[in-house]
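Single chain ahead, written as structure tokens, the form predicted alone.
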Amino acid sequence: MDHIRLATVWLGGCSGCHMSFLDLDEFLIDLAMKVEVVYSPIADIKTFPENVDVTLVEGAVANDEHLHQLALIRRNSRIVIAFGDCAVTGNVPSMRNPLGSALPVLNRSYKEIADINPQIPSNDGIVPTLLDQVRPIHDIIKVDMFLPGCPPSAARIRAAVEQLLAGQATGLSGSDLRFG
């Protein structure tokens, strides 16, 4: 593949994977000659486009907005990569799962520790509705490649991107598939 349309997405996570992507340093200059970044929180593009070759999805699925975004990403992307441990396993965002539902988190965040006006936001468009269970992205859509790490190292990201640019089959298994 000579030139790819690349998107990166940030769901429920810390943005560490995007920071690790930026750690590619001077390779980003080489990459800029071979890819077109068509969507990314780094580029601040508002609408996810059609005909994306590769989408790196960072973060776990934690709210209803993420569900809608993932459906659009899968429909418009040829290759979807679970980018980092949150996307691969749910990782830290899924630590609320043993609470059973989103309600204990909402009560704690918006009522118990509120300084003024303790109430859970309920108007549409203010706060996306939290899912009762945080999920890795492969629970919601088909994922073509897993790129684990918290965050994945710049070297691991570069190796995966170079494979994609070379048109090689990608994937990690065995000793390459480590978490954290």
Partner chain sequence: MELPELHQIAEKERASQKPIRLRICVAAGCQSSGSLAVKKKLEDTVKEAGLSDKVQVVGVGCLKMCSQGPLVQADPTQTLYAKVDETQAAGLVGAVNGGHCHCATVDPNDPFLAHQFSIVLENSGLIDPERIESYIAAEGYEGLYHVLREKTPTEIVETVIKSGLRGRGGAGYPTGLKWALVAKMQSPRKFVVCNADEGDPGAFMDRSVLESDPHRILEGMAIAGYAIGATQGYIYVRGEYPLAIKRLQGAIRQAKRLGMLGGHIFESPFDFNIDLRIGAGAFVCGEETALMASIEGRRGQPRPRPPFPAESGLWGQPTLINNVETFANIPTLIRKGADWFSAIGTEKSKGTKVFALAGKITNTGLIEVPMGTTLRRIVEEMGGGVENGGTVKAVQTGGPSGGCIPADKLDTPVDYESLAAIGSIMGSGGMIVMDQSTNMVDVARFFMEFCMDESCGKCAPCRAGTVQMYRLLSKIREGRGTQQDIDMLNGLCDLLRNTSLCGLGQTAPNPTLSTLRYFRHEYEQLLTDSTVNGQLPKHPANTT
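Note that the structure is a prediction, hence the values are computed from the model and not measured. Numbering follows the first chain given and starts at 1.
Beyond the structure shown, there is the form predicted in complex with the partner chain, which is absent from this document and is the topic of what follows.
- Proximity to the partner chain in the model of the complex, taken as a non-hydrogen atom within 4.5 angstroms, holds for one residue of Val127, Leu131, Leu31, Ala154, which is Leu131.
- Only one of 50 to 58, 140 to 148, 118 to 126, 36 to 44 places residue heavy atoms within 4.5 angstroms of the partner chain in the model of the complex, namely 140 to 148.
- In the model of the complex, every residue of the candidate spot (Leu67, Ala71 and Arg135) has a heavy atom lying within 4.5 Å of the partner chain.
- Proximity of Arg108 to the partner chain in the model of the complex falls outside the 4.5 Å heavy atom cutoff.
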